[in-house]
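A single chain, nothing else alongside it, follows as structure tokens in the form predicted alone.
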Amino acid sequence: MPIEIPKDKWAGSIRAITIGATSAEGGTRSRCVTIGGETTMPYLHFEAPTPNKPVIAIEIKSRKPEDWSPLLMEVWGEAMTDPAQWAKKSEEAGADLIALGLTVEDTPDDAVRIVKSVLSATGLPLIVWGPGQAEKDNEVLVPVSEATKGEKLVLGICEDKNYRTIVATAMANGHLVQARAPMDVNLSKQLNILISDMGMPKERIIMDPTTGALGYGIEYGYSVMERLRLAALQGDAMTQYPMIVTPGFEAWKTKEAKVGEGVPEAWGDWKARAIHWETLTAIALVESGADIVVLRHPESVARVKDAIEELITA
């Protein structure tokens, strides 16, 4: 007799959320990206198919970052001095979305100009992050939001101490928000409740549970994402959001990825090691339920795309 695989029946599901708007929808994107919609734990195809496969965003900056690895400087070259060119090169490298990080040096006018140049250079949906300082985030994200009304950008990063202004401008101009909490199921849920209580439509919230890199806390981050997915499937409406994580940022700040000289010989080739660190971090997070992974190296993008295809078709 054939063995029947036991199947769970879940009360809840993850919301399907669309990023970006085409001309028919009031935007200028050549295509949109839809994430979420899952009705089971990741890649249990015998229970339910994966309706929307995970996607990859490539991180770029409004100004050439001086603290990035020389390996990243080498691969992106002069494109790092021009966000529009960098975005175009990222699209050619296989990005599904662009994640543009603004800096503290950017004025509101700079921010609007740079975001518009990136939107002109690529047809991909866009994520826009402030510099990570509350007042500066509000200063640059509000004019960006107003200048790109209808594009359905993802604005961030919303945290418990700095979400009200970002959420308000996103609501007013038809954008989405990225809600980040520090590796804790209850804190993630609490922030989602606060954002929802402002009147933000639930179809315009993406959850960022925060993560660590391979060997630097990824186990805890993985378990938090797993528990968030379980809570959502069990019917908790405030955890039923797709998840975005930033393995590129996390992996490239580890010493194993950053340091090329003065390390043990057993660590092997620097470039291979660094790309492995980013790739393996990202794949682990995809397997834990991430819907968007934000990467930095094009070789990592290619490898993670291959891994996603294998997971989807297995």
Partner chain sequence: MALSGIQIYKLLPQTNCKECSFPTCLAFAMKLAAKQVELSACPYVSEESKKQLAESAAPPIRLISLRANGTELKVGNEVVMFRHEKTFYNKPGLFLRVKASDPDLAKKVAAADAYKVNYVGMDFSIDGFAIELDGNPEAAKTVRSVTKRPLILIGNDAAALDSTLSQLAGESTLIYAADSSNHESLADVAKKHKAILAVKADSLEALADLTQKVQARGVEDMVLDLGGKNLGEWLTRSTQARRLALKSNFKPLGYPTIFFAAQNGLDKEAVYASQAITKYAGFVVIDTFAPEMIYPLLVLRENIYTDPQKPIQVQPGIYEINSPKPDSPVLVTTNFSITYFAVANEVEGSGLPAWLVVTDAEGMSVLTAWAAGKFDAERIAKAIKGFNVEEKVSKKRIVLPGHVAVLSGEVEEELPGWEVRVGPREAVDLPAFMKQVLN
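Bear in mind that the values here come from a model prediction, so they are computed numbers and not experimental data. Residue numbers count along the first chain shown, from 1.
Missing here is the form predicted in complex with the partner chain; even so, the following discussion is about that form.
Of the heavy atoms in Gly268, some are within 4.5 Å of the partner chain in the predicted complex. Contact check for Arg29: no non-hydrogen atom falls within 4.5 Å of the partner chain in the predicted complex. With a 4.5 Å cutoff on heavy atoms, Val167 does not count as touching the partner chain in the predicted complex; it lies far away. Though the partner is left out of this view, Trp129 does not reach within 4.5 Å of the partner chain in the predicted complex, counting heavy atoms only. With the partner chain left out of view, the stretch that reaches within 4.5 Å of it through heavy atoms in the predicted complex is, among 68-76, 93-101, 223-231, 203-211, 223-231. Contact check for Pro42, Gly217 and Leu280: all three have a heavy atom within 4.5 Å of the partner chain in the predicted complex.
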